[in-house]
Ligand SMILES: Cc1cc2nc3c(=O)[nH]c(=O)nc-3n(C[C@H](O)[C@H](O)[C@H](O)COP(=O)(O)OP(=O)(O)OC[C@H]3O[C@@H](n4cnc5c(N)ncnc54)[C@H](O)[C@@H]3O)c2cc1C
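To begin, one chain is listed below as structure tokens, in the form predicted on its own.
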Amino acid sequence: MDITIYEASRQLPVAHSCQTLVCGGGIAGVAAAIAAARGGSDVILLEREFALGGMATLGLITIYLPLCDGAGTQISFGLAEELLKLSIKHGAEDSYPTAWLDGGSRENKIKNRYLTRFNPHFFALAVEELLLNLGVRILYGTIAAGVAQNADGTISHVLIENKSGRGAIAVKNVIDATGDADICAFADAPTALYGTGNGLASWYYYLEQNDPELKLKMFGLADIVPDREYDKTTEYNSDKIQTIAGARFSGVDGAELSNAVITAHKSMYADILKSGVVPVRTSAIPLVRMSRRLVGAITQELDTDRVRVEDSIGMTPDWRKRGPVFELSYKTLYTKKIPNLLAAGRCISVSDELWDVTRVIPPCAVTGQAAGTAAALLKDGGNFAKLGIAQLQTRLQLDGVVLHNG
């Protein structure tokens, strides 16, 4: 029998206030917080875990996917490139992009895409240092639990929970970089679920007997579709990746998510014991690729490959294969229903087919930078749908972003 209880209403303390609240400390949230702070906004960054980087660091998805189109041309710039360089500031774990960082020939750039493998610990610590130096206030162990809104839909406060209890943050604008469009859902913005769901995975680092080299096992969740033309020359699409049997999951249901993680852990544990290796570190968070997203002013489609987008806020290549280039529309970041809310990273408004392209590190950094820059331009409040695109694009270009292909 279903049982419903009624929670007593209560007054919540406004524990903090800021101009820009970034919810989620993955790559998109980090990029958004950096851009907003550099633009002069007072920024708070919420992160439910106790380290930054999200899937890239805590999830051990330590592959900084390509910034280039596979034909020798760099596509993603600005913070997408700055964060790549930061990730290997203390030395690349693997695949140092020599051709791109040390003046290689175009032939070498075609042969070796602009990607790398980074150490997750160094990257998380370096990002934290950068944000603190910019004056960003980081609230670890804190989740967004709801929103308070004005009559026009504007978010006035974001409700939070952490060790101090339940409280609120007064905001001028909010960036949803949760990966699951949690703020969008709380604010009753239009959202959509990924139709196919997520496969199971739990990546881990390990040591083999008599071998001092630390290795990464990409255990599960490849999602490689046979009829796609994947680039087989790079490690991240190699035969080393294996899938885990089990039902797919949405990523936005608590019990389902727990069961998915437990199932992945069981399979990983069996794989470790069978292999006879010594595990050093396992994924500390669920490896959710695509779950829930904003339905924005537009939903950008896969057929915009190499199509000029007039309100472009930056570009991304297709990590899965050589050739495609997408100019990302500013309209994918906002909905007119919630004037002071932007999405970034996995939360932006794209079709299921394009979602697989935009969910990875480079486009998350691109959209995060755009969202943070827009938030700084409206740091005292305003309507993102009415922000002049020329003003935003000019600011992005000054900060090193390339908007159009060719």
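Residue numbers here begin at 1 and follow the sequence given. Quick caveat, the model's predicted, so the values are computed rather than measured.
There is another form of the same protein, the form predicted together with the ligand; it is not shown, and what comes next is about it.
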| query | finding |
| --- | --- |
| Any non-hydrogen atom of I285 within 4.5 angstroms of the ligand in the predicted complex | yes |
| P317 within 4.5 Å of the ligand in the predicted complex, heavy atoms | no |
| Distance check, I34 to the ligand in the predicted complex, heavy atom within 4.5 Å | no |
| Heavy atom of T142 within 4.5 Å of the ligand in the predicted complex | yes |
| Stretch in contact, per heavy atom within 4.5 angstroms of the ligand in the predicted complex, of 335-343, 34-42, 63-71, 376-384 | 63-71 |
| In the predicted complex, the residue from K172, K331, R289, R322 that sits within 4.5 Å of the ligand by heavy atoms | R289 |
| Contact check for L21, A187 and G251 against the ligand in the predicted complex, heavy atom at 4.5 Å | no |
| In the predicted complex: members of 4-33 within 4.5 Å of the ligand, any heavy atom | G24, G25, G26, I27, A28, G29 |
